[in-house]
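Before any questions on how it binds or moves, here is one chain, the form predicted alone, in structure tokens.
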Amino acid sequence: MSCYDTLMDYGLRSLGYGERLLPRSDFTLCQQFVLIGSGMIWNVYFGIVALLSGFALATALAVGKASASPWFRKPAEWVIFLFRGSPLFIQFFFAYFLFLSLKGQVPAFDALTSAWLGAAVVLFFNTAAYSGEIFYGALRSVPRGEVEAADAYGLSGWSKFRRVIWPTTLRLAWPAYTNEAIFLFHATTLVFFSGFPASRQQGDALYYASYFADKTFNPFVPYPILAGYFVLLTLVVIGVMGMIGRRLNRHLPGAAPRRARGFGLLMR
């Protein structure tokens, strides 16, 4: 079987398309690259869904924790403490069995026992808690002079928060939030490793890497392949978050890209 045939048969295997059975003998390097790469689809899915949805909850948690009212502050503090204070592996484990119990009582909760939704919910709360603490720290670090300037311009309430406080908060928090995004994508490898089962052998990248390591008794091929994929994914995340960061800081002195001196001298 050529590498092209392997790509056609197993390229979307993690989503249930292509060859039904996984290879059982005579494993090739191409099969390992293709199947582990196919599993990366799930890792990217979990990371993107949790990151985008968790951003909104993180914002609410940060604002709630900074609130003077205990009705908003205390629930935000406890949600952040709960999900930051317990290991993500344990959160997956307990969430899966909680969803199973709910499914027994209410059949409508059946979807939560599947990884595509249940694991995404756990990652959503976990990253929202960590990001909420990051945003809270940045919110408390907004320079007082900017707030006073907003008051001097007559801004107040929602207008002041949207135009002055929140943009500054994002600029201050963005480097740390980029690290949280990287951690989140790496943490997606725990989904099928903890509690959620892989239906019909449709798992993530770590699932297929572990499969090849168990079958070949040689972990030094599939796991470096897995690490290589995540290094590439990390570079993409850094690039995307860097572009957003530059967009947030575009008005600051020195934020504009510098033109190479050599090119300018050549044009003269």
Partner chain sequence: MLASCSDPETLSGLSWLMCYLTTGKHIAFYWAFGTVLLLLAVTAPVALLFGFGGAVAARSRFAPLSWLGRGYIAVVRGVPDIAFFLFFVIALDQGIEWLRHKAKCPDWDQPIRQGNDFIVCAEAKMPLSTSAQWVHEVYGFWLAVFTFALVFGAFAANVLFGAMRAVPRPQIETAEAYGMTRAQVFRRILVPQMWVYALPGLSNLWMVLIKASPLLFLLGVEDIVYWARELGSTKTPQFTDYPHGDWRMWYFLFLLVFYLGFTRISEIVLDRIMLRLSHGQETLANHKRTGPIGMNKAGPP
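Numbering follows the first chain given and starts at 1. It should be emphasised that the depicted structure is a prediction, and the values quoted were computed from it without experimental measurement.
In what follows, reference is made to the form predicted together with the partner chain, a form of this protein that is not presented.
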{"property": "Heavy atom distance at most 4.5 Å to the partner chain in the predicted bound form, all of I48, S69 and W174", "result": "no"}
{"property": "Contact flag, L117 vs the partner chain in the predicted bound form, heavy atom cut 4.5 Å", "result": "no"}
{"property": "is_contact(Y130, the partner chain) in the predicted bound form, heavy atom dist at most 4.5 Å", "result": "yes"}
{"property": "Heavy atom of F33 within 4.5 Å of the partner chain in the predicted bound form", "result": "no"}
{"property": "Proximity of H186 to the partner chain in the predicted bound form, heavy atoms at 4.5 Å", "result": "yes"}
{"property": "Segment assignment from 154-162, 69-77, 187-195, 109-117: heavy atom within 4.5 Å of the partner chain in the predicted bound form", "result": "187-195"}
{"property": "Any residue of 95-134 that, in the predicted bound form, places a heavy atom within 4.5 Å of the partner chain", "result": "F97, L98, L100, S101, Y130"}
